[in-house]
Each structure stands twice: as C-alpha cells, then as structure tokens.
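Before any questions on binding or motion, here is one chain by itself as structure tokens, the form predicted on its own.
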Amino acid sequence: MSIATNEVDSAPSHFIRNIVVEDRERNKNGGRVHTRFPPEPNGYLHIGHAKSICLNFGIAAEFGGLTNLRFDDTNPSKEEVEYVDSIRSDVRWLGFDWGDREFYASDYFDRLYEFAEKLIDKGKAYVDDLSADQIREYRGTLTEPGRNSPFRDRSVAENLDLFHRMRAGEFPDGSHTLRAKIDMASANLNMRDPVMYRILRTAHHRTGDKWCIYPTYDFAHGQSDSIEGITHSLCTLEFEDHRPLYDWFIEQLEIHHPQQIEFARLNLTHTVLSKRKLLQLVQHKHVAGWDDPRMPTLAGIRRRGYPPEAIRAFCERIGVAKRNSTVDIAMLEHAVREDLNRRAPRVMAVLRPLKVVLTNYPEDRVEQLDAVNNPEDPSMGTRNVPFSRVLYIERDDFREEPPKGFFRLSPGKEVRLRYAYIIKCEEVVKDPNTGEVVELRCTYDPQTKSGSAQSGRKVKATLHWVSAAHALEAEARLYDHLFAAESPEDIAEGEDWTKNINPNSLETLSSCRVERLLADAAPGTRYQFERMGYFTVDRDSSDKMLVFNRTVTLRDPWAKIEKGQKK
C-alpha cells in the first residue's frame, strides 16, 4: 500500500477493527490479517467501492497484513477487459497497491470444478433439469417453503456423469444446472438448493472457449477466498443472508475457512450507486460515458478533479457501521474543498466576461502586480499578474440598477480590484439593438494600489478580473448534481427512475478568460478560480482551447452544519 502510514494509524476504531484486534489476541489464523478487494469486472468502480477499497487495504496495512485484488469474473456475458483495466487504474489512483497479488476467480476454474465434483461425491450436489423459471417456481417464497426438484435424488454416479457431460458441451444453454443439496424448507432462501454451475456458451475474456459451464458468484466467491488464504472476507450488508451459504460450502469441502464480515454500504444523496443503473445511464446516453464528471464513478470524479486524498478522508470520516444509512453528498464535497483549499493554487478567471475600460489609465501601460498563490500555504509564493487599461470582470458583478444589499459595481459606485486599485463606474455602454450592457467605462484611483502606503481607503467589495490583452480564452463546464431529487431511486412503482435526472446538471461556458500562466497547465491540474470555485483542467484541452471542469463550488453547507453541531 502506498498511502502514508500515519493516515492509517489515525483511523478511528470500528467494529471490524475490533474483530481483527480480538482475532490477533487469540492468535487466530496465526495472527495473520489478509483481506481482498473482489470487484466483478462488469462495470466501472464508483464512490461506494472506494469505501470498500479503503477498508480492505487500510485494515490489512494497519496490522501489517496483505490485500489481494481479485476479479470475480464468473459471468463472461457481462465482463470486459475495459472494466478490468479501469478497476486497476482506479485502485492505484486511490492510493493503493496490491503488489504481485492480482488474482481472478477464473484462475481457479479447475479447482472449483474439482470442488463441485467433491460435493457430488458426498451427495451434497446434484444436476437438475428444471429450467430457470421452474427453479424460481419450486424455490417458494418468504412465507412458503420450497419444493424438492424431481431430479434431486439422482445417484452420485448419474450426477457425476451428467456434470461431466455438461462440461463437455453435450447440452444446450439453460437445460441443466448443478445445484447444492441443502434444504428446500430453509427460512433462508439462499439455502434452498442454490445453483452452483450453469451452462453458458460465451467466450471468457481470459479463458476463451475452454469452458461452457461457469460457477455462480455464490459458489466461486468463498472458495476463492479460501484458496488465497484470506482471513477476513469483508463485504456489504446485502451479503449477510448469503453468509450461511458461504460457510456451508467451505465446511462441506473442509478447506480453509475465512470469516465473512458485513458492513453498511455507502449511500449518497442525489446519487445512484447501482452498476446496472449506471450502465443504463451510459448506454442510453444520459451521460457522455463512464468517466463523465457528473458520474459517481471513480473515473468520473477523478476527471472532475476530486483528489484521492479527499476521497480517503471522506471514507474515514463516514466510518464503518453495521446499519445502512444515507450520507449527505455535501459531506463529500466538504472533504474535497478542505483538501483543495490547502493545495490548489489560486488564479483569477472570468467565466462570463464584461469589458471594463479604465479611461484614465494610460493605453500603453502594463503593470505587473503581485498576487498570492495560496494564502493557506505561504511556501507556494506569489506570481505576477498583468494589469492594463482594458479588463474583464464577471458580468454578475455589475448591476445597472442594484438591489438593496448589492455592494459590487454599479453606476457611480466604487469597488476594489483584487491586488490592484479602486475603480469607479462612470458610464455604461449598451448594444443599440439589444440593450445589453457590453462595456463599462470606469476610472481608477492611482493612490489606492493594493499593498501601497496610500491604499487604506475602504470599499465594500473586491472583484476579481483579468487583463483583456493578456488573458487566454477558455471553456468552463459547470457541473451540478446529476439527479435533482435527494433520493433519485425513491419513485412510485412502474415509474422511470431516470425522470429524476437534473436537466441543468451541466452548463458550458465557451467565452471565459483566464490568466495566461495557465497556458501550459496539464490535464488534471487543479486550481481555485478566486471567488468562483475549484476547477480542474480537462483532458479535452488543446493548444487552441483550455477546458476546465468545475470540481466543486466555494459554498460549503456542510462546514456550516459541522460548526452548528460543535456549538
């Protein structure tokens, strides 16, 4: 693991950590701690997976243990190499390294097949001829027990023969399955003779056409953990009802027995964290791909500019619980702001430019003013900002008829320009056809230069700006929540959950102006645009046009909530 050790050491205690501490005190597993992060390569990882990644890698690192990256690739019809590559990239980006411990469930297909044969030999598994619909019908309900399949009592010899013929490809897809023989009357539906193998003629991204039968997730998962010597199998609460089955398989096979421990998954407001639904967003082109900055995928939030350090801090802050709950997305955004406030250099950028001409400033004069790069980190120093006769300010910083409490620029009023002078609006120039304000004619007070001995005159507002002759044109993409509703999946039965997509989740501004020093900014570089928010250079940038994604605004409702809670 490559993250700083003190990040792990400072992690608060929780029930899983307490279990590990107790196991080590009893010398269970010889004191070893070996975890795994086991994604299915059927989609991109999302922010919910980050919690699991941080937990698995973090708990192992704290106790000097190991963590495997294992792809549970048992369903080739939905798996792609693209997803494998993206998962590797995301885990590394988040700050973790699995060394040489990259494994796949498909690595164990031969062993799993042997395990299945062993269960057949013990009379604990049988080949069933029921169709998928019939299996569901025979399974029963939460209030009614299931019924035994008419093929449940086949002999061991017949079951072995049929299973071998399934592997040999003698039967069509869906015609036979291998099922565990447990208890069709069990109160736990997962124990009612679950399917272990199904016939599926689909090429696998690693094994090709070698297999035409594939193990189910429930059968492969625990045995893969056992083969790898995992000590603590950490998973989310939806697998709690699967734990008796996990244990049953391992006990019947008499192999190393990892301990499955369930924890609450991450749920966020204004967010959908279902890979199936995220795939639907991509396929139906509600978004521009898995890494669309509005997506909760790790690829999406990375492109948007969220730092991995902020994600780790967020996962630590929300903790590890036994009961599901929903976290306000403002808490995630707060973690991002906290991190970027410390590390992001400040620059001035005007998103909606309004031209300002300083009529009493010499036409050929250019001053280099001193600007602070980050007041939170003096070591980042200062930079020169050119100041000239023609400037741009934000259009929203001017009102021809200002409402009460508006202290920014208006006719006859004064404001200070950041790092520069106090200016006064003398004249408003409008487009004769539309009546739109296109230019402000102002005067500057040369005695009010910021930092000079005569700069003490006070005004009520300070505006950011850029020099028109020196600024670069840029595009800014302003992102909002992808879903307007706080609980986007909370809809009436039969309604389309995508109706909650926010139609204003993206606003593109194509005539922005930014400081020229950003000309060589590399994709992924983060800045605070003073007064406007945190922005990240997007990969779509080119020599002709810089493109910025708004990572997060400067408003921080969660900080106010926290402050109120401390009182």
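Start at 1 and count along the sequence shown; that's the residue number. What you see is a predicted model, and the numbers here were worked out from it, not measured in a lab.
One more form of this protein, predicted in complex with the RNA, exists but is not displayed; see below.
Taking non-hydrogen atoms only, E251 never approaches the RNA to within 4.5 angstroms in the model of the complex. Using a 4.5 angstroms threshold between heavy atoms, Y108 stays clear of the RNA in the model of the complex. With a 4.5 Å cutoff on heavy atoms, V320 counts as touching the RNA in the model of the complex. Proximity of K458 to the RNA in the model of the complex falls within the 4.5 Å heavy atom cutoff. Across the proposed site, D480, A522 and M545 without exception lack any heavy atom within 4.5 Å of the RNA in the model of the complex.
Across the options 223-231, 357-365, 252-260, 458-466, residues that bring heavy atoms within 4.5 Å of the RNA in the model of the complex belong to 458-466. This chain is displayed alone, yet in the model of the complex one of T207, S89, S450, T443 has a heavy atom within 4.5 Å of the RNA; that residue is S450.
Among the residues Y104, W93, F406, Y113, the one placing a heavy atom within 4.5 Å of the RNA in the model of the complex is F406.
Residues of 49-75 lying near the RNA in the model of the complex, listed in sequence order, are D72, T74, N75, the criterion being any heavy atom within 4.5 Å.
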